[in-house]
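Next up: just one chain, as structure tokens, the form predicted on its own.
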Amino acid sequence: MNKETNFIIGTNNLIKIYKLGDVEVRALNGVSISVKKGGFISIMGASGSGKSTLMHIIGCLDRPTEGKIFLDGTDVSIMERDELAEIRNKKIGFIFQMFNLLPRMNAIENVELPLLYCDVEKKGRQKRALAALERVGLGDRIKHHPAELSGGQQQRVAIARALINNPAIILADEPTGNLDSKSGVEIIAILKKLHEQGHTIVTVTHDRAVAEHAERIVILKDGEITEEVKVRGNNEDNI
């Protein structure tokens, strides 16, 4: 059995090459990482380091040019698009810097969206969406549209949407990047609480202060891992 199957996330020598005309850009160059179930890691690097590319591959939004990616013991690098979409919907919750909320939908409707692909009837969708919004402290804002919410509140709606299918893995791409410092602290507190509740958390950030809330920091430069820093905790099984 491949050792990556012992982890909820495991990558083996990931290479990702983009072609721009006659020019090849190697965004990832042999990246291997592993995260055990319930772990919390941050991926850091400057712009162009490959951190967003790595996040997209872990999130089944893209495929590697070479190498393997395992999620919960399953080799997803060989899956077809429909299979990848199913994995994304069942196992992964996404949190983005720009929130990615639909402006014409209110908070509860935005949170319900992933359930539209799961054949959940309307009453069930609303019940689960309300529970997710209450988890992030927005039970009193369910009818508000994005324009009526602060940046921090919009990000909480996005977190509630990420939680709606109770994913094992939460991927957060610069989750505090568009927030003021107070709202950023609140979002990090929510992520830490979700980690305590058993979710595996992977954040991508350029902010060392944000990264240090994780258990481990993986630093990328020019598509390669240059350093791994254990931040807190002494139990190797958690990382």
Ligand SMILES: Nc1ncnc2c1ncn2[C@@H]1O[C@H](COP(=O)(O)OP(=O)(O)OP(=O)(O)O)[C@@H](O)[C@H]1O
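One-based numbering along the sequence shown. Bear in mind that the values here come from a model prediction, so they are computed numbers and not experimental data.
Absent from the display: the form predicted in complex with the named molecule. The rest refers to it.
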- If contact means any heavy atom within 4.5 Å, which of 64-72, 25-33, 194-202, 181-189 contacts the named molecule in the model of the complex? 25-33
- Message: At 4.5 Å between heavy atoms, is residue 50 in contact with the named molecule in the model of the complex?
- Response: yes
- the named molecule contact at residue 209 in the model of the complex, heavy atom, 4.5 Å: no
